[in-house]
Every structure is written in C-alpha cells, then in structure tokens.
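Just one chain follows, in the form predicted alone, and it is written as structure tokens.
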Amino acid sequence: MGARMCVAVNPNLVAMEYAVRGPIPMRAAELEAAGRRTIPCNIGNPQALGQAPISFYRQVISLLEDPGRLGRERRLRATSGVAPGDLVDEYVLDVAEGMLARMRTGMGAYTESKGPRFIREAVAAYIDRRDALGPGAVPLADPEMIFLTNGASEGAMFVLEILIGGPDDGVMIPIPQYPLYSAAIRRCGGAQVDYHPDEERGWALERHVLEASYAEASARGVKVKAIVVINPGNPTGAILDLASITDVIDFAEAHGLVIIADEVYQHNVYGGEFISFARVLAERPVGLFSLHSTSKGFYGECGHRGGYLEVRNPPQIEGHELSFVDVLLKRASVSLCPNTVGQAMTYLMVAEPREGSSPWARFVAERDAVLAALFEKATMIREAFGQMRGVECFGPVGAMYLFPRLSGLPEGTTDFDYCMALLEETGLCTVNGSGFHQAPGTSHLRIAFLPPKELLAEVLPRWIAFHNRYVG
C-alpha cells in the first residue's frame, strides 16, 4: 500500500478547540459503547435529558410538515361520532394554516435568505414587547434588520466573518467564555482579546477591566473591532445588571466598537431580571448585533436549529458603497436560507398562543413547569456544593449552567484531570473550566443542570464522596 497523500489545510481550523465536545465527552461516548451509563451534563441539550417539548410548538410543526392533515381535520369536524378530544384544537389549525399561507411555498422550498417577512415582523414585534415599549411608542426593531439563522451560532459566525479581515483585527470576549467565540475568531484568523468579569461579584462587568483589556490589545498592535457579551452567561450563568450593561455600551461608544450580544438564555433567569442590550441602547448610535435561539429557554428545541440576528446601527464598510447589512445579506445568501423548520420554530418562539386562547393555559403550565424544574435542579446541585470542600459558586442562577470554582485540587492535577476522574467514577460528564479559558490560577467546571431530579438525587451523593476523597 502506497504512502497517503498529504495536503496543506487551513491552520486556523486545525487549531480550533471546542471543549464542550472535547476529550471528556469523547471518553463518555467510549464508556457508553462499553455499556456504562453516563450523564451528559457537558452541553445545554435539554431534550436529550428528558425535557418534554412544548405541546403547542410540536402540534403546529406537525401540521406544517404534513399539511394534508389540515384538510382531514376539517373534514373530521363534519363527521358525527368523532369525540372533540380526538381532534386537533381549532386554534392550532388556524395558526398552522396561517403560517402555510404566508410561507406560500410550504416547508420544502427555499425561503428568502433573511427568512419570510412575516416571521421577521413577528420577531421585531417580540423584541419591542420584550423591551417594554408602551402603546403608541415608535417601534425600534426593524424587520429589514432581522436575519433568521440556523441557531444563534450561525448569526455570530456571519458577523465575525465580516468584521475580521486579518490577523490584527480583534474581538473582545469574556473569560470564561463559550468556546464558539474563541473557535470562530481562530477560524476567521483574527485576534482574541480577553476580558475578565469579576467572579466574586457575581461575574459583574466593570469599565476599568474593559479599558485595561482594550489598552493591552492596542499596545500589541491589535485593532479591536467588537466586544462579545453573553447574557445570561455561558458558562457562568451570570445575569448582567443594568450597571454592567451600561458600562459595556459606554465603553463600546467611546472606542467605536460594535457589540455582539448573545442573549439566547433570556428566558432562563428564574425570578431574576433579564435586561436586553437593545433596551438599554435605545437610540444611542452604537452598533449592536443581538442573537437569540430556539435551542434554550423553556423550549429546548436544539435539533430544530432556529434563531435570529437583529442588527442596529450597523457600521459603515470602509472603502465600499455597500452597507454592512448588504454584506450580511450577501453572506446569508451564500447559504441560500436557514432551514424552514427552524424558521417556523422561531416564529412560534416569538408568537406564543394568544392569551385566553384554547392552548394558552396548557402552554403557560408547560413553560412554567420547565423553568421551575430547572431552578429546582440548579438549587439541588448548589446545595451539594456546600458539602464539597473548597467549592464555591458565585452569583445568581441563570442560563442552564453552574460554574463552581474548585480550590484545593491535589498538587500536579488540573480541573481536566478532576472532570475526567469524575466521569470515570460517577458517570457525570462535565466540562473542565480550562476549556472555557478561565482566569489564570483558578480551576472550575461547568455542569448543565438538566438531568431529571431523581437522577440527580442518586448521583449527587456519589459526587460529594468522590470530591472530598479527591481533594483529600
């Protein structure tokens, strides 16, 4: 057999790292293949751990995918002897029929690259409602500045690919950070610029920290173009307060930066308050790219890959007549359009059943049950930390994650070693803090608080015993 052909490839792709699906989850897959039970807490994938889908969403989607059922359901209503409980709710039929009529070409055809206008209008209306624009207020969200995407990650990639033109173009990201951003900056060949929220103050952001990070990057020749903020945080679960958000906007305006606001966990605040960057920005002339997704929240529709990117105050393109949004549309057009089921799911996410309609009570009950269960599970895990020597977890609960600090690990070991040993002994698959580029000299892990309560009640005592034995 002859020697294999060798090819030169993009070194940025080779160097990319994504710890969420890295060596620890790979080892978990090997254990599963060998017959061991593992508990996948490495990723925010709610339905993989038993979270039921929201009934209203799936009822509508099933009709969109099988529109012949609409006619059959209408005919059944005229048939005697059919029990009402055997029929799809009239409101659900109306929603599905209305969506199909406005999509015109059905679910199996390409749409506009931005997504259908009616869905973008629904997104804009959702944003303005969320940000408490009162009756008669001038709408701030513009459907023409909204792009439907295959999840939030695609929207982030679109923006970063346009902003990063060379190795000296920098993007500020919070440390610890979701590995999408470090991987995307690496892939685009840009410069990652770290800034460090204050862990012991609940991961708050402070202007002087942002300024120091910016100054350090500028001193080494980096042209900082953007700052990424994740709110609520991933991996930290931090919920940013008004002061932190205002500091970021003031900072971005002072230095001519755009803000990339990853807000996919905006429903996951468990009694806390989510404040969007768009709401605080109002009419200030700062570029803002806001991201949302159907994957998280109470819906947990990760597999449907829906989301949106909203643009405000896009910057001018240096040396070109094209606007930033023109280039963004050109980039989106290369992919033709997002998948249509994800677009439909995005519509349902932002256009929930009308209050008082027949599906409303069930929708609210399912939504509230999911969020209450998530908070209860987070509380169970945080209480377990209190029985582990040297474990601290800062800030209120947000998103789907806890990011405890691990003090007192045995000399010569890392949080990667800890997480791998935890997996081998208990089956818990977590992600080591170093996979998120944590502050030097610290050790952490991230756990998604998604397993059923019964499973947590079984495994948490084993984790406590493992931990206290591991740290000695």
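Not measured: the values here are computed from a predicted model. All residue numbers refer to positions in the sequence shown, first residue = 1.
From this point on, the text means the form predicted in complex with a small molecule, which you will not see here.
- Comment: the small molecule is not present in this chain, but in the predicted bound form one of P197, G115, G151, G300 has a heavy atom within 4.5 Å of it, namely G151.
- Contact with the small molecule in the predicted bound form, judged by any heavy atom within 4.5 Å, is made by just one of F251, Y401, F147, F289: Y401.
- Not one of G237, F416 and N432 comes within 4.5 Å of the small molecule in the predicted bound form, counting any heavy atom.
- In the predicted bound form, the small molecule stays beyond 4.5 Å of every heavy atom belonging to R130.
- In the predicted bound form, the small molecule lies within 4.5 Å of some heavy atom of V264.
- The shortest heavy atom separation between M157 and the small molecule in the predicted bound form exceeds 4.5 Å.
- Mapping the unseen interface onto this chain, W203 falls outside it, with no heavy atom inside 4.5 Å of the small molecule in the predicted bound form.
- Listed stretches are 340-348, 362-370, 229-237, 189-197; the contact stretch with the small molecule in the predicted bound form is 229-237, by a heavy atom cutoff of 4.5 Å.
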